[in-house]
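A single chain comes next, written as structure tokens; it is the form predicted on its own.
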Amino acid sequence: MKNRQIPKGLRDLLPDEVKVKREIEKKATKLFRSYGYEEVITPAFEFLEIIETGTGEKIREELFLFMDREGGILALRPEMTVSIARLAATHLQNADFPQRLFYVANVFRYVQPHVAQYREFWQVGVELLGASGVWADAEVITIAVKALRDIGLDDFKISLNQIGIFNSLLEESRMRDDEKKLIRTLVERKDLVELSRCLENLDIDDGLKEAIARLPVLHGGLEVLDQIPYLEKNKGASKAADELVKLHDALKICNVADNIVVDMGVLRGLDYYTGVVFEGYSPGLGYGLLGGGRYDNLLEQFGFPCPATGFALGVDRLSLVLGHEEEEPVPYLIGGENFRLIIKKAEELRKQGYIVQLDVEGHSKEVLEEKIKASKRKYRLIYIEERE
């Protein structure tokens, strides 16, 4: 077979890349467990109906679809929240709540691949099920901030919004559904020119137009809420803004507010979000490192009404930002003619926590010394000349 290529948008991970990935996962999951979260695993693919129940039909163009032999239409999971919601509705209806769950998983999207965007990528994340209110949201966001800190990121921000502000303004506008979708997309993209043009052509209140037009550029502290015209006139938007203020105060108590900015343009792309939404960014990469928010209506679509909130970290993108693995102790290389003694010594060192490789080819001490000199890795050589 001459073709050794892999499908577009996929990649092999070499040892150094795997080390970085595993270190990120290890630090994140250690933090999750310290907050009482327990790991769950879901299938890599679900029925298409399950995926679209949670995310909406617009995600279909990003799905890898196939059929089973019974005629069912299946999809590789494009994210984990819907799978967790389905899991909870299937297995946890009689459990004690709140339930704190976490996962480490690969997910798949049919996107145009480029730097920091792959068709298979890895996520670690948490879902807090059965808890509503400001302190549940604060716990999840605090874990997100601490996860980035623990992984080794210093320069990052979590952009925070309350999607109820945007949704309430749009609801009052009485736009058609297609118009709402277009405005939402333009706000998310921060496409000010096209957003202004579209709003100008809509038959809605001028104050409402101005409020929506300003959303993409409102970024900073809580003072940005004072710059939204029409906010006090809309009961739903005003209530959502008050909730955002309370959450920001809670995050101060949790000692993570220094990493928080308010961004009215953060809406997240999935239909299931109902309240607080947030994304994590670093100047070292032009893509989001994490994303999440509250999704109180999602589990109800699976027959299990239950409030919920959570987030996912992008392991691949974090690997690009960090760009190196932690220093490991220099491994031992043990050689000699007596394998019984070689193995005995190797086991002693491994019990002490050292990495030990054996010379299984029976080289002389001189040959092993030359191999170490030529190697890209450093080794400490032990050569056992003793015979039994």
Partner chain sequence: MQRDYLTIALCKGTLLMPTLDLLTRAGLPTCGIESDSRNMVFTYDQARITYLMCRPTDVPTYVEQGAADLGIVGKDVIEEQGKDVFEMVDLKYGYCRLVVAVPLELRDVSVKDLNYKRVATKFPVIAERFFRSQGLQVEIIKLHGNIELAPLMGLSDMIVDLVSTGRTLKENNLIEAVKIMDSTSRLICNRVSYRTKHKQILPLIEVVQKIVRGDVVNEN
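Note that the structure is predicted; figures quoted are calculated from it, not measured. Residue numbers count along the first chain shown, from 1.
Absent from the display: the form predicted in complex with its partner chain. The rest refers to it.
Enquirer: Even though the partner isn't displayed, in the predicted complex is Pro216 close enough to its partner chain, meaning a heavy atom within 4.5 Å?
Expert: Within the cut-off, so yes.
Enquirer: Would Gly133 show up as a contact with its partner chain in the predicted complex if we use heavy atoms at 4.5 Å?
Expert: It does not: once its partner chain is placed as it appears in the predicted complex, Gly133 has no heavy atom within 4.5 Å of it.
Enquirer: Taking its partner chain as it sits in the predicted complex, is Phe97 near enough to touch it, meaning that at least one heavy atom pair lies within 4.5 angstroms?
Expert: Outside the cut-off, so no.
Enquirer: Do Gly303 and its partner chain share at least one heavy atom pair within 4.5 Å in the predicted complex?
Expert: Judged by the heavy-atom cut-off of 4.5 Å, Gly303 is well away from its partner chain in the predicted complex.
Enquirer: From the candidate stretches 110 to 118, 79 to 87, 174 to 182, 244 to 252, select the single one in contact with its partner chain in the predicted complex, where contact means a heavy atom within 4.5 Å.
Expert: Contact-bearing stretch, as computed: 110 to 118.
Enquirer: Which residue, Gly72, Gly236, Gly207, Gly284, has a heavy atom that falls within 4.5 Å of its partner chain in the predicted complex?
Expert: None of the others qualify; the residue that does is Gly284.
Enquirer: Between the options Ile212, Ala308, Val266, Val126, which residue brings a heavy atom to within 4.5 Å of its partner chain in the predicted complex?
Expert: Looking at the other structure, the residue within range turns out to be Val266.
Enquirer: Even though the chain is shown alone, can you say which residues of 75 to 94 have a heavy atom within 4.5 Å of its partner chain in the predicted complex?
Expert: The stretch 75 to 94, when checked against its partner chain in the predicted complex, contributes no residue at the 4.5 Å heavy-atom cut-off.
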